[in-house]
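Quick heads-up: it's one chain on its own, the form predicted alone, in structure tokens.
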Amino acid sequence: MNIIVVGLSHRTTPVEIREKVAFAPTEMEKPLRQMLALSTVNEAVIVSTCNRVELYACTRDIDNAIVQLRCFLADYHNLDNAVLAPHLYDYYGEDAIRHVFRVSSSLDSMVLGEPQILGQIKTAYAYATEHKTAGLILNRFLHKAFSVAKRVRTETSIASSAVSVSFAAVELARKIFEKLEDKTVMLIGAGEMCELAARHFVSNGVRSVLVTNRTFARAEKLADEFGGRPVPFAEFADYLPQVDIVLTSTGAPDFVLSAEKAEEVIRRRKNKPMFMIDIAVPRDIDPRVNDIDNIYLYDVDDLQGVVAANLKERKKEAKKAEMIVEQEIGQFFRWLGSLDVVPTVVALRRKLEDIRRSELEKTFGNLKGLDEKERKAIEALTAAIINKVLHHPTLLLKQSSNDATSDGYIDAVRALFNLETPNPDNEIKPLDHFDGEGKRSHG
């Protein structure tokens, strides 16, 4: 059995095509069942996010399954296959395992180390479990992917530093103030990045939020969203002495906070530190404010410098993460290879043992004078011959389960010894339920 991946991502496809092949999260049953109904597909999972759409499947027919899945993706969304095909990639075998381990560990994400993709794959797996399209192999595979992602987060620092301008502001504030729980934030203006940074501060526990804007209704609306208090724009400077962190992005042509006013504010604060984040272009705060003791002023370029340094650090950690992925691939690939090898070895031994017993019965029927000791000696001799004959083929099959020759050897052994092809009705089906360890159970 083989694992294959067919899909597209931000690396291969513009957003105008990605949005056309996205699957609605509330309507996953239909596409999952259609995917499972393909003649080459035994198990199915669909991952659909804003940055990628991927189909995970189990199959015994790699080439035809890839063709069917590519056509399914185009047909389901009423797209011309010729238009979609150049954007698609496909992986199978060890490459498929590597790809999914890397994706779940956020090594293939637009923002290296972001945590959202793991949750999105878990959600995709939950849909497949709910609609009974994932069985033994994808169950074991995705649980392994989750554990690999956990190892990466535990054993590396790939997600420990901010790589967005808005979150970098929070990271810097923590270095200045150590804790944020007793701090007050003022949001000046309604720029998108400024608002996003404010959301990060709120989620990190700041005590209170003041919001001011030239349009007071907008200030009221934002304050309501943050559980804060609106402040008239003409009076915001009067509130600054009670503020620890200032976020500003007004779009004003001139400075809204001068160095002279900032000096007055810090005196009224009795020199308690202030952190000011000016994300506006052109700038809202006079850059001379940075020369005032106990005021820490950062503009958008400063924050982008922090982001760039953090991204560089994440890339270093990504090398450690890639090593973890490579370590884990071999272990899972060996397990996957053993799924076909073990039944073949068992069937081969059973076939030769049946022949041995049948021939022994004929021989003992013609040799009436044998005593028990002689019969046992002949049985032991024939059993030893069978073991000798089976030793090398068994060893070769087990060794081949670790590489690409496995299918060839299995097919050859089954053909040479006329072994019965596994009955699909006896195989583990995705309609059965499996626990997290890949064990079969019936609900």
Partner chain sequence: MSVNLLLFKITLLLYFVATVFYLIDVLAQKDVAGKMARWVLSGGFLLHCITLGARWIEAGHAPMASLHESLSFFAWAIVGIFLLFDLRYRLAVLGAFCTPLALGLMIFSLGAPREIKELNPILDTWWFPVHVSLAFAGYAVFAIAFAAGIMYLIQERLLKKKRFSGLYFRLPALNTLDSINYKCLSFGFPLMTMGIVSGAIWANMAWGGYWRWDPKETWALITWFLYAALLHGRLTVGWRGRRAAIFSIIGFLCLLFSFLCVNWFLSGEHSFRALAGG
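If you superpose the two forms and keep the largest set of C-alpha atoms that fall within 1.5 Å, you have the rigid core. Positions refer to the first chain, counted from 1. Everything numeric here is computed off the predicted structure, so don't read it as measured data.
Unshown form predicted in complex with its partner chain; subsequent notes refer to it.
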Quick one: which of 291-299, 250-258, 90-98, 218-226 gets within 4.5 Å of its partner chain in the predicted bound form, going by heavy atoms?
-> 291-299
Sole residue of 273, 241, 205, 282 within 4.5 Å of its partner chain in the predicted bound form, by heavy atom = 273
Partner-free chain; cross-checking its partner chain in the predicted bound form, the single residue of 172, 165, 329, 159 with a heavy atom within 4.5 Å is 172
For the spot marked by 176, 309 and 313, is every residue within 4.5 Å of its partner chain in the predicted bound form through some heavy atom?
-> yes
Check whether residue 349 has any heavy atom within 4.5 Å of a heavy atom of its partner chain in the predicted bound form, and answer yes or no.
-> no
Find out whether any non-hydrogen atom of residue 334 is located within 4.5 angstroms of its partner chain in the predicted bound form, and reply yes or no.
-> no
Closest heavy atom of residue 320 to its partner chain in the predicted bound form, within 4.5 Å or not?
-> yes
Please say whether, between this form and the one not shown, the C-alpha of residue 80 moves by 2 Å or more once the core is aligned.
-> no
Yes/no, residue 291 Cα shift of 2 Å or more between this form and the one not shown with rigid core fixed | yes
Residue 177 C-alpha relocation of at least 2 Å between this form and the one not shown, rigid core basis | yes
